[in-house]
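The chain below stands alone and is given as structure tokens, in the form predicted alone.
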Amino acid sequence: MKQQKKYNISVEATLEVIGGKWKCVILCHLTHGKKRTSELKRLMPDITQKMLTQQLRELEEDGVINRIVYNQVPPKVEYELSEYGWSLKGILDSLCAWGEKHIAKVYGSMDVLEENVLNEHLK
């Protein structure tokens, strides 16, 4: 158990775990299966390696993702959503749906979205 803390409203606790620019993006990619660090970096070209490593560490510490280390040479590490992390799927889906509506409202089309596996349903 973590040290006791006070929150004004419960969404603060949610944002403490999934807030920031990258955590939800990482989690969305992991809803499509296990990923190696290099795969996540390729899917998220604007994140620095240092930031990706830090975000993965924090998500693991919060119990939202699992880090799987394979005992082989060269070493192989994969990340996946934990059972607890899968409980965020509804929130992540809602955030994506809202983002699509926002893009359509602001830009009038989905042309501003990069092509990747998470956007295939919009074609």
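For clarity, every value in this text was computed on a predicted model and none was experimentally measured. For the two forms, the rigid core is made up of the largest set of C-alpha atoms that agree within 1.5 Å on superposition. The first residue of the shown sequence is 1; numbering continues from there.
From this point on, the text means the form predicted in complex with the DNA, which you will not see here.
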- Heavy atoms, 4.5 Å, the DNA in the model of the complex: which of 80 to 88, 26 to 34, 93 to 101, 39 to 47 makes the cut? Say which one. 39 to 47
- Message: Does any part of Lys21 reach within 4.5 Å of the DNA in the model of the complex? Heavy atoms only, please.
- Response: yes
- Message: Can you tell me whether Asn66 touches the DNA? I mean in the model of the complex, with a 4.5 angstroms heavy atom cut-off.
- Response: no
- Message: Using a 4.5 Å heavy atom cutoff, which residues in 84 to 107 contact the DNA in the model of the complex? It's fine if the answer is none.
- Response: none
- Cα displacement of Pro75 between this form and the one not shown reaching 2 Å, rigid core superposed: yes
